[in-house]
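In the form predicted alone, a lone chain appears below as structure tokens.
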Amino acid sequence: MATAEVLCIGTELLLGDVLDTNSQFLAQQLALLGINCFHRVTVGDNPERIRECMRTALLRADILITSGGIGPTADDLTTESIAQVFGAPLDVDQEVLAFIEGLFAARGLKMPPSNAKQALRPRGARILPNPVGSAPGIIWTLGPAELAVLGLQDVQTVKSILTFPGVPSELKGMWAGTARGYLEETYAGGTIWSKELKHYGIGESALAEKFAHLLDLANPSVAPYAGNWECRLRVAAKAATLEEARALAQPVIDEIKQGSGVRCYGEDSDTLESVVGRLLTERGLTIALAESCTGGMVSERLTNIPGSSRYIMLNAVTYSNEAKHRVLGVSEEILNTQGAVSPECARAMALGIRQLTSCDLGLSVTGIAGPDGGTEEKPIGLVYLGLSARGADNEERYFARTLRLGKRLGRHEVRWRTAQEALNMVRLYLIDPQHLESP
């Protein structure tokens, strides 16, 4: 199986000024082609280090893919560096030069001389067209002369270099238009199919322990990941075709889903909010939200889902006591005696928003996100969730959750974790109300 290495070029990446999404995209696409990617390297705009990384990559991989450094400025060094590695002269591609000049002419401008470097390519390489921007890349299938420069003799596999700009939209357009087809024709010898099974309500170590017998599998492979207050199990299989790889992975996926139960909430791009939206739509139910400490975060996540107007009746951020009283009908007695952060207030908020909108579900959130405002009795990170539901007999059913998240998380993390718990609470109710204990 062929191997590739991704080299991302740009000092701005090392400084953290720009987030590198290109290497993630390329790794995913290479996997779909059945091409292994064992190394992803980032290097700054230094010609000596760029050349060193290029040589290293070509010695240990069949394919070198670069991102960045093919623009018109002085620190765009990728094309020159490749030519220098092999001692190849740089030729001007007249068609590319005329194309770039035409882009400027169409705007009534004269092309700056610096843009001419975008038409350069090492002798022997061909242009990788850019259907979106002005900077084309190159595709270079290395021959015996270039391989000899690297000290490689009797190489059994073809080695190639493909260069892309750093702009993600341009890279993706070039990949789809030319690069993918070239790699398929030259290297593809199978494919990798994978699926992520997303879990909530179980930690990474507990999830890994539960499925420890699967983690040693080679094909399909199973790997645990954690992040953003949820855990994932990635199942990946290699085979000649996508269909064969999917069939190989399916029994393992079924076993994980069965063993995880409701803790496995979705797959791949699913989020808690998208799953909740899908369940509400399938059941023909509506929901309204009353938020305090989360400041509308739950509402924002739900309304980010296309089509959410079908099931969301009203989102209210009732931060002040006055808003809780005037909008939701929380009694002054509860606010004065129990406080805004209390189980009683959460229940009154959930019931109040549901009655105000005549919807099926009313969700409430009230708590102390910090970094101040906590007391010994009600510390930072104390949050109450309430869910008022209209039952089949039109009688109210109420469910509650108490969260004690602690102040070490920080304000944003308390709010995010609370939103996760609130969405999961709704999800569990929609699957089966028995998953929630009534107070």
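As the structure is a prediction and not an experimental result, all values here were calculated from the model. For clarity, a rigid core is taken as the largest C-alpha set superposing within 1.5 Å between two forms. Numbering starts at 1 and runs along the sequence shown.
In what follows, reference is made to the form predicted together with another copy of the chain, a form of this protein that is not presented.
J.: Which one of L214, A239, L351, M313 is close to another copy of the chain in the predicted complex, taking close to mean a heavy atom within 4.5 Å?
T.: If I apply the 4.5 Å criterion carefully, the residue I get is M313.
J.: Have a look at E244, E101, D91, E300 for me and say which one sits with a heavy atom within 4.5 Å of another copy of the chain in the predicted complex.
T.: It is E300 that has a heavy atom within 4.5 Å of the partner.
J.: Among 376 to 384, 61 to 69, 48 to 56, 394 to 402, mark the stretch whose residues have heavy atoms within 4.5 Å of another copy of the chain in the predicted complex.
T.: Careful reading of the contacts points to 48 to 56.
J.: Taking another copy of the chain as it sits in the predicted complex, is L150 in contact with it (heavy atom to heavy atom, 4.5 Å or less)?
T.: No - in the predicted complex, heavy atoms of L150 and another copy of the chain never come within 4.5 Å of each other.
J.: State yes or no: in the predicted complex, is some non-hydrogen atom of R234 no more than 4.5 angstroms from a non-hydrogen atom of another copy of the chain?
T.: The answer is yes: R234 has a heavy atom within 4.5 Å of another copy of the chain.
J.: Should G181 be classed as touching another copy of the chain in the predicted complex when contacts are defined as heavy atoms within 4.5 Å?
T.: Because no heavy atom of G181 falls inside 4.5 Å of another copy of the chain in the predicted complex, the answer is no.
J.: Although another copy of the chain is absent from this view, report whether D270 comes within 4.5 Å of it in the predicted complex, heavy atoms only.
T.: Looking in the predicted complex, residue contacts with another copy of the chain do not include D270, since no heavy atom lies within 4.5 Å.
J.: So which bits of 305 to 344 sit within 4.5 Å of another copy of the chain in the predicted complex, heavy atoms only?
T.: Heavy-atom contacts within 4.5 Å come from I305, P306, S308, S309, I312, M313, L314, N315, A316, V317, T318, Y319, S320, E322, A323, R326, V327.
J.: P379: with the rigid core matched between this form and the one not shown, does its Cα shift 2 Å or more?
T.: Stays below the 2 Å threshold, so no.
J.: Once you overlay the rigid core, does the Cα of M425 travel 2 Å or further between this form and the one not shown?
T.: For M425, whose C-alpha is compared between this form and the one not shown after core superposition, the shift is less than 2 Å.
J.: Relative to the superposed rigid core, does T402 relocate between this form and the one not shown - that is, does its Cα move 2 Å or more?
T.: After core superposition, the displacement of the T402 C-alpha between this form and the one not shown stays below 2 Å, so no.
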